[in-house]
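One chain is shown next in structure tokens, namely the form predicted on its own.
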């Protein structure tokens, strides 16, 4: 597919991300038609904290999806009608963030700095030589004097705040208008109800969180083209750009690993608890043996194996992005194979308890098939365990990527990730003055993702817990 001078060139992980997105949409449509699934989700959407966290997660997911649409740019060759595309694969997010991507400095620069973080030898017009901090190539280049920086930042921030307030007010007016028509209330009465938070959905919390996200986004839009808001790294790349690009890596590791974990844990755990006997013995032997192997050593050995395979079969990977994507996919697979044991044990214990309940005993006595009992009685009653465990595992996997990259067995070094950012910044913490912004930026982005995932998971667990009814 060729459009606007770009050719669609998806990676393997892109296809799996699309599969997860369409599966999520399909599950949403399925849940709407089944009351036993729709009722818990209605409880989730009524909780202000859960919906505020979900809104932040949606922003992360939107950025990750934009970074999962990979393209190849068409190259123009003089005196030739041949259509040739660049070997470099860039994402839709790269195109949107072109300014941040191309504005590279020589080396480190602090957040909002207009001078380099390291002194250089500069030759003066009169032939003299002096060592000083040179002006950055892009950061603050629009300023005539360095003293204008503070006033310029304040002016652009105030403008972003004014635009955020205007959008917030306009959104309230539009939302209140439609809610007033839907509930057949007057505009003033509906506005008062909205202010008090008296509605089926926590509109007040959603609006406030939306205002915060809009404010942060507009401030970055106003300042990022002119300053390195979060500074630059050792090779002069914008840290804000690196932090946003790392979102896809974190989401892919958390979600795709979950995709590999779920079939093993769900099928084996429920079967072990329900059938017991030899089936239980075999499954217990399998996961006990697997859990006895040091996980880090198994991951390290597997990653080294895929590295050797990639080096010996370089013709199968046309670009650097394909090579890095293959290692990322294989890392997700290994983490999935080694990470299903905990959930499997939980599901086995719950299935052992559920099979002794009266209605399951009655189903067996009436000759109901095992498949129907497992799908209609066992699975719905362990869903809360599956959901909370998977979301908590998602948080742990996002953090595990940083640890694995630190010891050199994580994602490919050419792939942008929070782990690689931390790994690159750790040696700079000992220098004087300290280069702290890469580490802090990765920490903040990871912290917000993990925190919102955990808050949303708590609400989902409470809603799906059958003991709550």
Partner chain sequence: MLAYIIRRLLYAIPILIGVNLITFALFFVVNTPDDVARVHLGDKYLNEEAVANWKAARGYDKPLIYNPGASGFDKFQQTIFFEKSAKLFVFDFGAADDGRDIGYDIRQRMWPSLAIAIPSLIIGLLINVTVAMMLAFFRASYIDIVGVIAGVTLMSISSMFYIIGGQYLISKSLHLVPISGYDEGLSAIKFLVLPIIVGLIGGIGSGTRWYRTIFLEEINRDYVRTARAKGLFESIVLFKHVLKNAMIPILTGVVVILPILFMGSLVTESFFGIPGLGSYVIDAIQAQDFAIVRAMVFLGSVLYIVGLILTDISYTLVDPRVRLS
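Here the rigid core means the biggest group of C-alpha atoms that line up within 1.5 Å when the two forms are laid on top of each other. Numbering follows the first chain given and starts at 1. Just so we're clear, the structure is a prediction, and the values are computed from it rather than from any experiment.
Below: the form predicted together with its partner chain, not depicted.
Practice problem: Quick one: find which of 160-168, 282-290, 220-228, 93-101 has residues within 4.5 Å of its partner chain in the model of the complex by heavy atom distance. | Solution: Stretch 282-290 is the one.
Quiz item: Is there a heavy atom of residue 324 no more than 4.5 Å from a heavy atom of its partner chain in the model of the complex?
Solution: Looking in the model of the complex, residue contacts with its partner chain do not include residue 324, since no heavy atom lies within 4.5 Å.
Quiz item: Would residue 403 sit within 4.5 Å of its partner chain in the model of the complex, counting heavy atoms only?
Solution: Within the cut-off, so yes.
Quiz item: Would residue 9 show up as a contact with its partner chain in the model of the complex if we use heavy atoms at 4.5 Å?
Solution: It does not: once its partner chain is placed as it appears in the model of the complex, residue 9 has no heavy atom within 4.5 Å of it.
Self-check item: 4.5 Å heavy atom contact, residue 21 to its partner chain in the model of the complex
Solution: Result no; residue 21 lies far from its partner chain in the model of the complex.
Self-check item: Sole residue of 148, 88, 120, 307 within 4.5 Å of its partner chain in the model of the complex, by heavy atom
Solution: None of the others qualify; the residue that does is 307.
Practice problem: Only one of 58, 407, 45, 38 comes within 4.5 Å of its partner chain in the model of the complex by heavy atoms, so just point that one out. | Solution: The residue from 58, 407, 45, 38 that makes the contact is 407.
Exercise. State yes only if every one of 352, 357 and 397 has a non-hydrogen atom within 4.5 Å of its partner chain in the model of the complex; otherwise state no.
Key: Looking in the model of the complex, the three residues 352, 357 and 397 all stay beyond 4.5 Å of its partner chain (heavy atoms).
Self-check item: Residues within stretch 420-449 having a non-hydrogen atom within 4.5 Å of its partner chain in the model of the complex
Solution: Contacts from 420-449: 422, 426, 429, 430, 431, 432, 434, 439, 442, 443, 446, 447.
Quiz item: So with the core overlaid, does the Cα of residue 184 end up 2 Å or more away between the shown form and the other one?
Solution: No.
Self-check item: Core-aligned C-alpha movement of residue 280 between the shown form and the other one reaching 2 Å
Solution: Shift of 2 Å or more: yes.
Practice problem: Answer yes if the CA of residue 311 moves 2 Å or more between the shown form and the other one after aligning the rigid core, and no otherwise. | Solution: The answer is yes; the displacement is at least 2 Å.
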